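Here you get one chain, nothing else, as structure tokens; it is the form predicted on its own.
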């Protein structure tokens, strides 16, 4: 596996790959890798010829600097996992490589308001920071396809919009959520949960399953949301939202929508978790 930290070295190799008419797949991560990330790499390997995975803890998407400081950094372990997964290239740049001195960190991306809903309402500026990093990484890597997880459904939807609005040639591929045997969506943040909170956090997937059954029974969407919030709170978590949305606009869903997604965020102690289910 190649490992690059320098943009110029990276581009020299990727230009050779492009010249051979090989398709490049890109998996952007912030490290602390788990089976969910490895599933993205597996999907990328099936659909492209050469897979680039990045590890970059992006400072522009953290509106809470304490959260940035606490974010797990496990580079040596991550490298071992990537090697086992037969990933082709790891790009692990410094902040200076991604955001050079002349870079405009005040740029505002036009995301059609998708960045102000749900997570955006609780984390102002977060998605503009995500868009900034992903746009910059796409500039550097220039992949044919970018692979992102459904667990961050809103994020993937926003990056799809970014690609459209910036007229980028990269195709976005959203890959399914990977869960633990008990149903918890895999996340780098799970490493910060005690055994007690790991067990309590199972209420999120259980509540999503409840919502699926209630939707199948054509119950009131707003009533389903209310009952779901009550279930999460009763289990000991502190829910921020449980909303059933239109899968394209991210606005409140109606039964006439062709795609509905239940999305939720809740605090398990001092760890904020998100999850969703396409209904």
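Small disclaimer: the values here were computed from a predicted structure and weren't measured. Numbering follows the first chain given and starts at 1.
Separately, the form predicted in complex with a small molecule exists; it is not shown, and the next lines address it.
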Exercise. Taking the partner as it appears in the predicted bound form, which of 206-214, 223-231, 246-254, 24-32 has residues with heavy atoms within 4.5 Å of the small molecule?
Worked result: 24-32
Problem set entry | Sole residue of 71, 197, 99, 109 within 4.5 Å of the small molecule in the predicted bound form, by heavy atom | 71
Problem set entry | Residue (of 192, 171, 151, 136) lying close to the small molecule in the predicted bound form, criterion heavy atoms within 4.5 Å | 151
Exercise. Going by a heavy atom distance of 4.5 Å, is residue 157 a contact of the small molecule in the predicted bound form?
Worked result: no
Problem set entry | 4.5 angstroms heavy atom contact with the small molecule in the predicted bound form for residue 183 | no
Exercise. Could you tell me if residue 39 has a non-hydrogen atom within 4.5 Å of the small molecule in the predicted bound form?
Worked result: yes
Exercise. Taking heavy atoms only, is residue 176 within 4.5 angstroms of the small molecule in the predicted bound form?
Worked result: yes
